[in-house]
Each structure stands twice: as structure tokens, then as C-alpha cells.
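Only one chain is included here, represented as C-alpha cells and corresponding to the form predicted alone.
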Amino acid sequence: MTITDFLCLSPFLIIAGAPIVIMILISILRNYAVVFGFSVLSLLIAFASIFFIVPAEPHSIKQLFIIDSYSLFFLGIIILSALLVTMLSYEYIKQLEGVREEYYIILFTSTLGASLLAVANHFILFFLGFETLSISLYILIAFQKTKDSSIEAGIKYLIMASVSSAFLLFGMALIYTAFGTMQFNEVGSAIHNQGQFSPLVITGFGMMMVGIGFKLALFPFHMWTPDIYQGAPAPVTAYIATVSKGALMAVLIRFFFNIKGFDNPYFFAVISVISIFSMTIGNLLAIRQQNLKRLLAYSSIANMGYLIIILLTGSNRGIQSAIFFLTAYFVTTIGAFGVISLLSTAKNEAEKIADYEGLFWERPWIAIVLTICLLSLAGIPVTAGFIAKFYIIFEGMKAGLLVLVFSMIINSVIGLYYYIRVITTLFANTGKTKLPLLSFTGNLTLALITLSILVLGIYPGWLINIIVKFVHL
């Protein structure tokens, strides 16, 4: 290991070291505020360390890690999203009975797993990151152990994730058997030299797609999503919807572009069908939902359907549009679930749409934040979501993916209906009482999220220019 290797690994060392320090702090004196403050500080330092790596990229470490502009950008998005979730978790976790500080330990280990996926260039690191993230999420989902729904969701996710891991690992084993390598670019070279896929390779890629499809909640592996979203604590749901899926998209895009899957007619047909069905079924099932968390769960299925269109563009511009889309989606989704977190109590989760009836007249600031988040998810102009969807549509049109683009536009119109339905509920002429007061941390986080959505919607050029200039695969 060289000094450059250690420098490139600094964000991972910080994220991996933070849980150890928290355990020592807990063993000396349990103080929730101190653990929270240390968690926020650690994530800020981990994010800042990324800027010191930039002069050293691109850099490869033992064929496992690939440190380049692409992975660093995803790493930054993951750490910032984990920071926002941490800040929104403060009041929610503070209300819980029993141990609470351990929540941040598991949040760091899950972030470590997600970060490893962002820099993976090898099946071994891919699977290690995948499992580290999954095992941590089992605990986070069932963390609120006094609620039966939380325990039930944790068990369901345990079973689902175990099955998806088995499919993923078996698929990797078959590909290794066929090509004798587990490094992404070498697999791509072997496919190019072979010219056509053998039944063994087709089976291996198919099993990998099943494992990844489960984790991303793509059709037809999506049915677990609403139950897990509803049962998990609201901040954890925000984490699953953003960091978990974003990390897996990072490694999926790298692998797919390394093997040039967009040139293969079988991959093209499968991805197209999955995309169309994911966006259509996700939006149609969301229409009749009366539970906001379940509605956002089906919305996330549709959004993943939109996003995988870029896999078929085969261009750096497509990758760049995916990064902007994920940035906008992360901020918007964390904001929506953040409102749910801040309005929930230890005994009552504010998850039913009816709970938000007349919210504007009791908490106008919170109603405005949720409205902006929902409008962004719907893709309304002046929000980050509009630019993100436009970018995907534009790159899809350039690549000639007219059927997928048309399906995305139609489904965006369908999605507009259920988002507007929730927004009209916020401004109904009735008011709720006994709503919890928001902490300074909660208000600050929502303000940062709202500002980000509007800035990316009104003036997205600065971020697009950074992505176009620095991010290449």
C-alpha cells in the first residue's frame, strides 16, 4: 500500500472508523447529543476528504477499487445524502425508548457498504459492498423494535435481500466460470473477444439482473417495496430510497458500460421491457394509495424505471444525465421523507395522507416544503425534478430511444395526478392539532433541501457544467 492508496481510501477509513469511536463513547457515557454531533462531524470530514483525492485520480487499488471522477462524484452524493438523513434522524430517534446511539453505528456501516459500491471495479468488492449495505439495512429497518410493523418489515427485507444476494453471487460465479476473471473491464474485453454469449454467460447475467432488480425494486421484483417503506422508520425509508438505490445504480452503470450491454440486443430488449413496466406499474399502483409512504414507494419504482433508460444510451452524456437525475431525486426524496420524520412521534407515524389534511393552516412552512418536494417528483418546472427528467428525455431522444421516452412522458403525466392529490390535501380547509414542534436541526435541514431543489430547478447550469467537465467513464 502506498501513501496515494491511503489518501484515496481516506473517506472509507473515516466512515469505517467513526462507528468504532462511537462504540468507545457509548462505553464511557451514553450521550445521544454527543453521538449525533460526532456523526455529523465525521460525515462532513469524510466529504471534505474527497477534494484531497481529486489530484490523485484516476487511481486503481489492487484491482478492486477504482478511484476516478465518476466514483468520487457518486461517493460525494452518497455521503451528503447520509448526512441529510442523519440530521433528519435526530428528533425521530431521540423519541424512541431504549438504546438509540447504536442507530448511528449502523448508519455508518450501511454508508460504508454504499461507498464501496460506488468505487467497485471487481465482483469481490461489489459483493462485499452489497452485503455490508444489506446486513446494515436489516437492523435499521427493524430498529424500532417496539413496533410490530417495523419488525415485520425487517424480516421481509431479510428474506428478500438474502434471495437477491444468492442470485447475484450465483450469477457472478457463472460469469467467472465462463471468462476466468472478476474485474469489470476484463469481463467486457472477454465478451468483446468471444463475440456472442454462451448459455452459461446468459444465465449468469440473468441471475445478476434478478439480484440487482430486487435491490432497485424494478419490475417484476418490486412488490416488497411498499411494505418495507411503510414498516421502516421514516429516516431509514429515506435512506433506502436514496443512498441504497443510488449506490447500486453507480456500480450497475459502471459494469453495464464496461461490458457495452447497450450494444447487445438481448440486454436492450430486457432493459427496455423492465423500464416500461417499472414506470407504468409504479405509477398506476400509486394512484389509489392512501398511505404517503406507500405512495412514495411506488413512485420510487417508477423513478428507477425512468433512470435505467440511460443504460441504453451508450454515451457519457447519458451517464452524466443519470448523475444529475440521482442528485435531484436524492434531495427531493429525502425532503419528502424528512417531513414525515419530523411530523412523526414515537407512538404515531405521520404516514397516512389524511394526517396531512389542512397542514398548511397549522404548519405553513412544512406544507410548502412538502409541496415543493412533491412538485419536484412530478417534474414541474422551476424544480430540480423537471430538469432531471428533461435531461433523461433529451439524452434518450438523442440515442433514438423513442418508445422509452414516450413511455416516460406518458407516465410522468400519470404521476402528476397522485402528487397533486396529496398537495390539495395539504391546503384543505381543515386543521390538525397536536403537531410536534420542529427542532432547529429539522428546520435547517428542510431549508437546505428546499433551497437545493429550487436552485437546481432555476439555475442547474453550474452543476451540469461540473458533471460534464469532470465525470467520464
Partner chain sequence: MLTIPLEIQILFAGILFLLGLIGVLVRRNIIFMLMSIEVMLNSAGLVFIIAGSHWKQPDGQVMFIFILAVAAVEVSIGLALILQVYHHYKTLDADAINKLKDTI
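Everything numeric in this text was worked out from a predicted model, so none of it was measured. Numbering follows the first chain given and starts at 1.
Only in words, not in the display: the form predicted in complex with its partner chain, which the text now covers.
Though the partner is left out of this view, Q289 does reach within 4.5 Å of its partner chain in the model of the complex, counting heavy atoms only.
Looking at S189, you'd find every heavy atom of it more than 4.5 angstroms from its partner chain in the model of the complex. In the model of the complex, its partner chain sits within 4.5 Å of a heavy atom of I124. Residue contact check for L128: one or more of its heavy atoms lie within 4.5 Å of its partner chain in the model of the complex. Proximity to its partner chain in the model of the complex, taken as heavy atoms within 4.5 Å, picks out 173-181 from the listed stretches 299-307, 173-181, 72-80, 266-274. The partner is absent here, but in the model of the complex a heavy atom of I135, alone among I135, A399, I105, I393, sits within 4.5 Å of its partner chain. Of the listed positions (V163, V99, I368, V382), a single one reaches within 4.5 angstroms of its partner chain by any non-hydrogen atom in the model of the complex, namely V163.
Using a 4.5 Å cut-off on any heavy atom, the residues of 128-158 that reach its partner chain in the model of the complex are, in sequence order, L128, E131, I135, Y138, I139, A142, K145, T146, K147, D148, S149, I151, E152, A153, G154, I155, K156, L158.
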